[in-house]
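The chain that follows stands alone, in the form predicted alone, written as structure tokens.
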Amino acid sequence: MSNNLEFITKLRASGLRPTKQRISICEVLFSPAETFHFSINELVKIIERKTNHKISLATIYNTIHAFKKKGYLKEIAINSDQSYFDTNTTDHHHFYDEQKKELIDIHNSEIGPIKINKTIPGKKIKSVEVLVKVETDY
């Protein structure tokens, strides 16, 4: 709980009141030594397992989306029905294992240069992030 002040600061910066439930969400998201990927439904289970708290889905959903909007989390859309969130907000790429429903980081050093030959008038490229879908080779 030594990070409570940091969590309260993140919550307030995201426009959220620092409630006990939201601080528990922060503990799960921002305390691990390594970054991780999750869906909202997976996060519900992780929170219940790690904190023994039952937090409403609406509170988790609203907190995650406020953190995403503020830049504390990154959303990776797998398809129109499925999104994952990443606690690593740096530009990087991903493998998506379709059988395991799992995202795996690919670091920039593991991908060669990417060349985009098309431009959109009035737009500039903000970032390029590759999502490589994989399946078990039988």
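We call the rigid core the largest set of C-alpha positions that still match within 1.5 Å between the two forms. Because the structure is predicted, anything quoted here is derived from the model rather than measured. All residue numbers refer to positions in the sequence shown, first residue = 1.
The following text describes the form predicted in complex with the DNA, which does not appear among the structures shown.
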Spell out, yes or no, whether the shortest heavy atom distance between N41 and the DNA in the model of the complex is within 4.5 Å.
yes
Spell out, yes or no, whether the shortest heavy atom distance between K10 and the DNA in the model of the complex is within 4.5 Å.
no
How about T51: is it within 4.5 Å of the DNA in the model of the complex, going by heavy atoms?
no
Heavy atom of T87 within 4.5 Å of the DNA in the model of the complex:
no
Which of these stretches, 96 to 104, 109 to 117, 28 to 36, 77 to 85, has heavy atoms within 4.5 Å of the DNA in the model of the complex?
77 to 85
So which bits of 4 to 25 sit within 4.5 Å of the DNA in the model of the complex, heavy atoms only?
R12, G15, L16, R17, P18, T19, Q21, R22
2 Å or more on the CA of N88 between the shown form and the other one, with the rigid core superposed, yes or no?
no
Using a superposition on the rigid core, decide whether the Cα position of A13 changes by 2 angstroms or more between the shown form and the other one.
yes
Inspect the rigid-core superposition and answer whether the C-alpha of N52 shifts by 2 angstroms or more between the shown form and the other one.
yes
Say whether the C-alpha atoms of F36 and S80 sit closer together or farther apart in the model of the complex than in the form shown here, given that their separation changes by 3 Å or more.
closer
Closer or farther apart in the model of the complex, the C-alpha atoms of S39 and S14, for a change of 3 Å or more?
farther
